[in-house]
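We begin with a single chain expressed as structure tokens, specifically the form predicted on its own.
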């Protein structure tokens, strides 16, 4: 595989408690892969391991390169990351926060005019251009997530990792974010995100990875993975699945 992510036999333990167990999968360039699973299944830990925020055992290759052999600055040019939780500490302008994503390219220099122009362009792309001059500490939870997405996009990396990018967003902005990500994928970037809503995963994903207790239970195309049996196995709830115009919709059985 020339581009994307290859993860092989990935394991991670914390205080002798195993969190991830022999996780193996790959994501090709131009694919959007959604990781689904109950709380505590290891979704966030997996993203942090791929970005080397945690130090796992196993192999991770991005665009064919073993990321354990490159510098953190080189990794930041290859992989963008949007965390699940972030608390703004300083009242920077939103535009300055977004442009900080250019840091791996700046070395010791200051951002240039072209960096700010790119920042404004990306803020418009994610639907929050009107927030460019607003204080970062005065944002709603949903606005904050969109700013973090913009900061990751400005890195112009070939791989994008997002931990629950639609959390704290209303339905309009959820769809906006996912449409933005589909546009990113169409430019040949590999996108991996965690999500709780199987319907959003079904509608927007090229492939779905189902996790439970730190292991991959299923990985493949939506129709193959999101079956009534697999959802019962992972979540312990019954569902009905309806298909319409090539899409499938999942409803819990109450």
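Residue numbers count along the first chain shown, from 1. Because the structure is a prediction, the values reported are computed rather than measured.
What comes next is about the form predicted together with a small molecule, which does not appear here.
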{"query": "Exercise: residue 17 in contact with the small molecule in the predicted bound form, heavy atom 4.5 Å", "finding": "yes"}
{"query": "Any non-hydrogen atom of residue 55 within 4.5 angstroms of the small molecule in the predicted bound form", "finding": "no"}
{"query": "The small molecule contact in the predicted bound form: residue 205, any heavy atom under 4.5 Å", "finding": "no"}
{"query": "Partner contact for residue 34 in the predicted bound form: the small molecule, 4.5 angstroms, heavy atom", "finding": "no"}
{"query": "Contact stretch among 220 to 228, 39 to 47, 60 to 68, 185 to 193 - heavy atom within 4.5 Å of the small molecule in the predicted bound form", "finding": "39 to 47"}
